[in-house]
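Take a look at this single chain, the form predicted alone, given in C-alpha cells.
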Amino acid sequence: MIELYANAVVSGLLLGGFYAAVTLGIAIAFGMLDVVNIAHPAFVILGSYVAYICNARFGLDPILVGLLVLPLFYYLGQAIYQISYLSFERKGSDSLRGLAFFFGLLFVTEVLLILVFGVDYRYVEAWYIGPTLRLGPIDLPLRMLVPCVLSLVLFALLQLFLSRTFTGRAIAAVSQDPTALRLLAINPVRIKRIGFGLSIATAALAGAFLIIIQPVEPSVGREYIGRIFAICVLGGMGSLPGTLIGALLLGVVESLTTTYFGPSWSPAVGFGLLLATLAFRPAGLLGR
C-alpha cells in the first residue's frame, strides 16, 4: 500500500512537471499580458507535429527539435499578436471578438493538421522513451522524468529572465500599468509582442515534451484547455512559481485519484480543487 501511494505521488509530480510546461505560455499570455489565448493548445500540438516530422524523416531527437524551432515559433507568436492587436485591441473592439479570433485559430490549426496528417496517432522514437529508472520501490519512467526535469529548467530560466532583466520586468508589468511604461519611453505593444512570442515558443517546446509522453493526433490538445487555465488561476495570475506549484499539485491530485478511484474521477477532483481555491483564496496560491 505504501509503495502504491509513493509511486502515485511520484507519478503525479512527473505529470505535474509536464503540465507546468504546457501552462507556462498561458501564464505569460493570460496572467501577464491579459491575452486570453484559447488557441494555446493548438500551438502545443503544432510543436508535437514538428518534432514528429523531424524525428521520422531525419532521426532528430524530439527535444532537440523543440529547442531548434523556438525562434521560429517566437516570431510566429509575435506575428499572431500583431494581427490580433491591429484587428481588435487597437480599435478597442469587444474582447469577445478577440476570444473568437483565438477560437478560430484553434480550429483552423486543428483542421489543417487533420488534412495533412489525418487522424492517426503519431509518435516519436528516442532512447529515453522506453526505459524506467528504479530507485528502490519507486519507478521513474524516463519518458516522464526527462520532460519534467527540462520543464523545471525552463521555469527557472524564464523566472530569472522575468525578474532580473528590464524587458522581463516590463512584460510582468505591461497589463497592470501600460501608462507607466509609456512614461518610461517603452512601447507596451512591443513588450506584449515579445511576451506573446515567448508564450508561443514555450508552447512548441511543450509540444515536443507531449509527443515523448504519449502519441498525439490533431484534436488531443482539447484535453488540456481546461487544465491549463485551471492551473494558471490556481497558481495565481502572473505568478510563475505559483503556476509551477499549481501544476505539481494538480498532477499529484489527478494521479492519486486515478490510482485509488479510477481515471474518470481525476478531472472532477482536479477542478474541484480549483473551485475550493477560488472560494477560499480567489487570488490563487501565490497571486497578487
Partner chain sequence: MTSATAVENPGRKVQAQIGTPMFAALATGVAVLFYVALALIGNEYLYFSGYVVLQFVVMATAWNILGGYCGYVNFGSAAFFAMGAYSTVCIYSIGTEYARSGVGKILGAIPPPVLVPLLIAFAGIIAGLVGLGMGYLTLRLRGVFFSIATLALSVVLQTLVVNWDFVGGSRGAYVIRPNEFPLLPGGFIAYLFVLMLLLVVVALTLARGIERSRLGFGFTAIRDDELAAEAAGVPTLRLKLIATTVSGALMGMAGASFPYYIGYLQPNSAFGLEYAVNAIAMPMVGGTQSWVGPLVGALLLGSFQQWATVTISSVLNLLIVGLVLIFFVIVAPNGIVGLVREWRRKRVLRKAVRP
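Residue numbers count along the first chain shown, from 1. Remember, predicted model here, so these are calculated numbers, not experimental data. Rigid core (definition): largest C-alpha set, two forms, superposition within 1.5 Å.
One more form of this protein should be noted, the form predicted in complex with its partner chain, which is absent from this view; the next part is about it.
Only one of the listed residues (96, 135, 160, 153) places a non-hydrogen atom within 4.5 angstroms of its partner chain in the predicted bound form, and that residue is 96. Between the options 85, 128, 103, 117, the residue in contact with its partner chain in the predicted bound form by a heavy atom within 4.5 angstroms is 103. At a distance threshold of 4.5 angstroms between non-hydrogen atoms, residue 252 is out of contact with its partner chain in the predicted bound form.
Interface residue remark: residue 49 is not counted as part of the site for its partner chain in the predicted bound form, having no heavy atom within 4.5 Å. Among heavy atoms of residue 121, none comes within 4.5 Å of its partner chain in the predicted bound form. Although the partner is absent here, residue 112 sits close enough that one of its heavy atoms falls within 4.5 Å of its partner chain in the predicted bound form. Partner proximity in the predicted bound form, defined as non-hydrogen atoms within 4.5 angstroms of its partner chain, places exactly one of 49-57, 225-233, 241-249, 63-71 at the interface: 225-233. Contact with its partner chain in the predicted bound form, defined as a heavy atom within 4.5 Å, is made by all three of 30, 268 and 279. Contacts of stretch 12-39 with its partner chain in the predicted bound form, defined by any heavy atom lying within 4.5 Å, are made by 30, 34, 36, 38, listed in sequence order. Put the two forms on the same core and the Cα of residue 13 is off by less than 2 Å between the shown form and the other one. With the core held fixed, residue 261 shows a CA shift of 2 Å or greater between the shown form and the other one.
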